[in-house]
Each structure stands twice: as structure tokens, then as C-alpha cells.
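Just one chain is shown here, as C-alpha cells, and it is the form predicted alone.
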Amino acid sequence: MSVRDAFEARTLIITIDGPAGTGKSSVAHRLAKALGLEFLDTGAMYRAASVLAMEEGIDPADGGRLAQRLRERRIAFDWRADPPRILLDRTDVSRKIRLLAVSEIVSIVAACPEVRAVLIEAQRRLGAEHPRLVSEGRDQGSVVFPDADVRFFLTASPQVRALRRLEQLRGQGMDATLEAIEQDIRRRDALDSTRAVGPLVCPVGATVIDSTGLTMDEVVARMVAVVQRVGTSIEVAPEPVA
């Protein structure tokens, strides 16, 4: 029986935490497909909130005002797309959230307690609506889903993370320099790890994977192996009786 088949009929929450640029989104997407789960990119939600701040001229540090607008607007996912598209109301902002200008303010936005409260509530609601889920972000295993079945912490060197982000941006037709991206990653690491609310930490009991010298396929394979081991102690829902 495959890992995917073993978890076919039960709820399963897997979290992947880690700093910016480690490839969490891509890894989470592939892991979700391998296990037949859905994929929640919570970092995209904070980036969508940053897009909203930019479009409406809201100071990214003004958490109260931005949180109010987030309650009035709607951040959602189009789950029919692969990977899911991030929507601000009905507008697809999947490309816009990856702009360097958004990267420069997203850690400021994410540090606002009022914004985090709104988006954490939204993430937990999505987890309840989609209980077979791989969720990635900065605080998924530590704050949002502390009782997740499996928790990972993905890391890599700043240099490797910057190179990966540069390749990602160039693949999307966007222009950036390696130096600017690495500086931004180091700045975001400092902000994310020292913020007062939901700081970047390794969740208790998480499996740490350093992807510096690994391919994405190797990272996913290691995660699948961990889920497979943990699966022996997770109750699998029985087949329904006809």
C-alpha cells in the first residue's frame, strides 16, 4: 500500500515551517500531490495582504487599519488550479505577490499582531474546511496547527536561498539581482525571528531538513519517508460498511 493510499480516508495535517526562500511552497505543493492532500500556502496570504497595503496606500506597519481592510476584503484560494491561485476578492494576484517590492514589506506586515490574528483565523478555518492538508509558512507548526500530525522545519543557507529565489523570479520573467535578494533574505530572517508575535521558530517535535545540498525531489522523498513512519502510529479511518 502506498503512503497516499494509507491516508486516503483520514484527516491529516502536515506543516512545513522555515525561513524565506527555502522552497517551502514548492516542496509543500509536491508533498501534497504525493500524498493526495491539499496545499495551503500561508505565506501567499501575507503577501496578498501586502499587495492590498500597496494598492490602497496603507502603511505596512499600520496593522489596525490593514486588518480592518482584510476583514472587508477577501483573501481566498482557487483550489481548482494546480498549484492553487491566490485571490484578492476575485482578482488573481499570484504573480503580483512575488514582486520584490512585496518581499520588501511582507515581514513588516506579518509582524503586525492585528494582521496575524485575522489571517491565523482564516488559516484555521481553511484547515477545518480542508482537513487533509499540507500547510506551509513561518508559524504553522508552532502557532496555527500546533497539534498537526507531522511537522517539518525546512532550512538552507542564505546564499542558496537567494539563488533559488533569483531563478524563480527569472523563470517568471521578473528582474532582480542576486545581491539584492540575499540582502532581502537576511533582513527578513532578522525580522521574522525577532518579531513579538508568531516569531520564526522550529516547532517542538518538528523534523528539521537542511535542503542546502539537496534537490527538491530529495527533500520531498525524505518528508514522505517521515510521514510513512509516523503513519504507523496514526489511526487510519476504516472503510465504510455497505
Ligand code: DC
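Each form is matched to the other, and the largest set of C-alpha atoms that superpose within 1.5 Å is called the rigid core. Note that residue numbering begins at 1 and tracks the sequence as displayed. Everything numeric here is computed off the predicted structure, so don't read it as measured data.
Here the subject shifts to the form predicted together with the named molecule, a form of this protein not shown in this document.
Colleague: So if I measure heavy atom distances to the named molecule in the model of the complex, which of the stretches 154 to 162, 73 to 81, 86 to 94, 139 to 147 falls within 4.5 Å?
Modeller: The contacting stretch here is 139 to 147.
Colleague: Using the partner position in the model of the complex, report whether Gly43 sits within 4.5 Å of the named molecule, counting heavy atoms only.
Modeller: Gly43: yes, in contact with the named molecule in the model of the complex.
Colleague: In the model of the complex, does Val106 have a heavy atom within 4.5 Å of the named molecule?
Modeller: Yes, Val106 lies within 4.5 Å of the named molecule in the model of the complex.
Colleague: If you check in the model of the complex, is Arg132 within 4.5 Å of the named molecule, heavy atoms only?
Modeller: Outside the cut-off, so no.
Colleague: Are any of the heavy atoms in His29 no more than 4.5 Å from a heavy atom of the named molecule in the model of the complex?
Modeller: No.
Colleague: For 57 to 81: residues with a non-hydrogen atom within 4.5 angstroms of the named molecule in the model of the complex?
Modeller: Contacting residues: none.
Colleague: Once everything's superposed on the core, is Arg65 shifted 2 Å or more at the Cα between the shown form and the other one?
Modeller: No, the C-alpha moves less than 2 Å.
Colleague: Verify the C-alpha shift of Asp192 between the shown form and the other one: is it 2 Å or more after superposing the core?
Modeller: Shift of 2 Å or more: yes.
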